[in-house]
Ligand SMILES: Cc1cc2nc3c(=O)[nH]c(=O)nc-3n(C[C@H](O)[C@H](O)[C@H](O)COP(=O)(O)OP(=O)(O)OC[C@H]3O[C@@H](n4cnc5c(N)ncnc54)[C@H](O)[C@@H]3O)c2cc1C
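Below you'll find only one chain, the form predicted on its own, shown as structure tokens.
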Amino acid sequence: MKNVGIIGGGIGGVAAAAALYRLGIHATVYERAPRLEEVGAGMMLWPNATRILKELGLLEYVAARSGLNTHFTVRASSGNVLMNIALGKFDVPALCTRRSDLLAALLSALPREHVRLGRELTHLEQSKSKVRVQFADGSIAEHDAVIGADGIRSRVRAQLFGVSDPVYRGYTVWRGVAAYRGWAVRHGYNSESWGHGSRFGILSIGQSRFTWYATANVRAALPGERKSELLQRFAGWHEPIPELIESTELILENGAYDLPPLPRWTAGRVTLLGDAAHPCTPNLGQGGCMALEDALVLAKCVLQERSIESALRRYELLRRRRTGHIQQRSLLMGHIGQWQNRAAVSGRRVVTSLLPAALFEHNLRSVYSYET
């Protein structure tokens, strides 16, 4: 029976623990916060992610609390449809859910005693057979392996390979959740609208609730009142954008950061997962999906390989190419979406409206068809 410690109680860390536990491998999650909660609004669960949830026995739970996505439309700020992409038929649905609902689902698959709160990592060291982990409260734990799932500013990564400063990509992202009962959004149709250096996405999470995101080219997160700033920035954009902003109580604000693909994730009995290993900008809706994929691939490798070291090496080998591709593709999509030069924006609008949607649908299948 292998014993795995996981640093970080976000979606990736808890998913890894749940996947390991389901396969009969003991896993303990250490989270530095005093309570476990997912900070964020909503997220997409594309078929490559809902396939993971199905294998974990959680898809029905999550689907009941989510919105179904069948089409993705690209619009101009005026509301004109530039492209309508049908997601096609898969063995599992594409969903949009609140991050907190997904985290609750993952936690339901893990015994409560497998989660330790208020544990802030200070140091880890390896021997030939164990990894010793020290926390700020003075406690110490030993495991056969340790997984760093502690985000883009990962302390585990810093201790293994040195500090890697996240790269700011020139734009800020705002997120929120709002109720909307109008007719401007078709059932199953999520969308992203493009302007000059700004975008606005609308995603249904079910029961007449929508999670939305907005972007703008700014040097850093803007000070001041977020709602009034956004209402001014997106004034004149199509419905229901102003209404969604106005009816949102809590608006989150984060810069768009990522890291170039790392030379390696694994050192002996320690490896990285999710944003700690391959953070990407939020332009494909694949950050959380990649963490879910990581979790199941890692668990299967630990189960199948003869040693912990070989399991972690195989996990990294299986995941590096795919996650690197998603990182680069997301970076490119964000760059194109944030164009603000008038000539470039006009050209983008024309090209997008002329390109066949079937071309994008074919390319997306290679992302969504992934199986562990």
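Small disclaimer: the values here were computed from a predicted structure and weren't measured. Residue numbers here begin at 1 and follow the sequence given.
We do not show the form predicted together with the named molecule, though everything after this point is about it.
Visitor: Decide if the three candidate residues G67, R75 and G337 all line the named molecule in the model of the complex, where lining means a heavy atom within 4.5 Å.
Guide: Not one of the three qualifies.
Visitor: Decide whether V133 counts as a contact residue for the named molecule in the model of the complex under a heavy atom distance cut-off of 4.5 Å.
Guide: So V133 does not count as contacting the named molecule.
Visitor: So, V146 and the named molecule: in the model of the complex, are they within 4.5 Å at any heavy atom pair?
Guide: So V146 does not count as contacting the named molecule.
Visitor: Quick one: is G8 in contact with the named molecule in the model of the complex, heavy atoms, 4.5 Å cut-off?
Guide: Yes - in the model of the complex, heavy atoms of G8 and the named molecule come within 4.5 Å of each other.
Visitor: Please run the contact check for Y30 against the named molecule in the model of the complex: heavy atoms, 4.5 angstroms, yes or no?
Guide: Yes, contact at 4.5 Å.
Visitor: Taking 4.5 Å between heavy atoms as the contact cutoff, choose which of E120, E125, E142, E239 touches the named molecule in the model of the complex.
Guide: Flagged contact: E120.
Visitor: Between H71, R209, K227, R99, only one gets a heavy atom within 4.5 angstroms of the named molecule in the model of the complex; which residue is that?
Guide: Contact residue from the list: R99.
Visitor: So which of 338-346, 36-44, 308-316, 58-66 is the stretch with heavy atoms within 4.5 Å of the named molecule in the model of the complex?
Guide: Stretch 36-44 is the one.
Visitor: Residue by residue through 159-178, tell me which have a non-hydrogen atom within 4.5 angstroms of the named molecule in the model of the complex.
Guide: Counting only heavy atoms within 4.5 Å of the named molecule in the model of the complex, the contacting residues of 159-178 are V173, R175.
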